[in-house]
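Okay, here we've got a single chain as structure tokens, the form predicted on its own, with questions on binding and movement later.
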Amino acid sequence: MVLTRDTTPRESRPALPDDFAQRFGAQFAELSAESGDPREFSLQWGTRAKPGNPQAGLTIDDINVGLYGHIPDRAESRNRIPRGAIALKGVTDVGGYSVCDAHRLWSDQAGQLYEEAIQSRWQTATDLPWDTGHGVPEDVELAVCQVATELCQQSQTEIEAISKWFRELNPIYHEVKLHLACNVFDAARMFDGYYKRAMLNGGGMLLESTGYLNRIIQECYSGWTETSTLLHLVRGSFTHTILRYLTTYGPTQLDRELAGRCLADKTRHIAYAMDHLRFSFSKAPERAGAYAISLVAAEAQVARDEADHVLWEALAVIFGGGVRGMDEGMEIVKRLRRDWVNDYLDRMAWAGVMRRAGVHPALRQWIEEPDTEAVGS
């Protein structure tokens, strides 16, 4: 990065603090020895950020002006240096950042998704109609608790998987890290909401899921892009579809609103992963073919999870209004399974990975017939 001389007239520049030289060390003194004014050798002294939309305020993308808006293909510094700051000479690397290439984490939408997350924040304690969650038949209540247990387990996986990668992601790409910090909070809030829902009427946590996909998400060390694909596009598409159906078939107003709130959060997570994967392939197109192969193993674990009947039966009880309506409810479950598999394949195709022809046989059965009755499409 090259230091540039500031051409702003000296008389127009704000006065420097008395302790400027002491605070900023000898580096500026060396650079400004000739002129006597260190502002002449700032990175971009005088650069000002302005709100792009006054109603939205000053957003994280609005401050990407001048060199601050330059997103490098590779971050050379492994220190905790903010983008645009001046690196000290002779300082050894203090960060353990292994993800320093833009194509391994960047998304042009990350800043916008971060803004959406903080502007649409909500809390489970006061923003949900908890008084509407009572009076549910016992069989339906138990089914809700079982689904809540599954969603809590998925949330825990999401929190831990993302948190594990924070130390590896170079902070030069701060928009991504800010978005993912909100993603962790969203997952924590989903855990909080569904744990409370399970406890509301005395049902509590029930059976643990088989968790085969959870395990490979947690144990993925191939890279952040690979982890994000498993977490947000494979698992995320599944969770998104369950939440979407619960916004329609949830037995109470509380269940429908809780699912709807979490659905909006989950949509942002998927949007980041799709945009990142497409950006990654635009920079390294040879990676798309490798993903098509690596997803075979992931889909095999999904198939093992899909063979577990507990979640499907719980959803069938909810959708059918009770055990006696399970047959009708199971028909809705079949539509849900078709929807999630097709959504997953469509998202991967949009990003550049064609899986429809080679998808795992256990999942292929759900794409043989187009779904004309998709919920919330």
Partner chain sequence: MAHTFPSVEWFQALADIANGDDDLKKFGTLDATVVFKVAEQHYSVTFDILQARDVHESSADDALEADFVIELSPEKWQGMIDDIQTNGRAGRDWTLNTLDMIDDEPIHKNLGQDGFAADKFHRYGPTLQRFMDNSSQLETEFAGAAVTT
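Computed from a prediction, not measured in an experiment: that's the story for all the values here. Positions refer to the first chain, counted from 1.
The discussion below concerns the form predicted together with its partner chain, not included here.
Contact annotation: of the candidates 260, 95, 171, 203, the single residue with a non-hydrogen atom within 4.5 angstroms of its partner chain in the model of the complex is 260. Of the residues 222, 282, 163, 119, just one reaches its partner chain in the model of the complex with a heavy atom at 4.5 Å or closer; this is 119. Judged against its partner chain in the model of the complex with a 4.5 angstroms heavy atom cut-off, the residues 112, 244 and 250 are in contact without exception. Its partner chain in the model of the complex comes within 4.5 Å of no heavy atom belonging to residue 197. In the model of the complex, its partner chain sits within 4.5 Å of a heavy atom belonging to residue 274. Using a 4.5 angstroms limit between non-hydrogen atoms, residue 270 touches its partner chain in the model of the complex. Not displayed here, its partner chain is kept clear of residue 58 by more than 4.5 Å at the level of heavy atoms in the model of the complex. Listed stretches are 205-213, 288-296, 178-186, 119-127; the contact stretch with its partner chain in the model of the complex is 119-127, by a heavy atom cutoff of 4.5 Å.
Along 58-86, a non-hydrogen atom within 4.5 Å of its partner chain in the model of the complex is carried by no residue at all.
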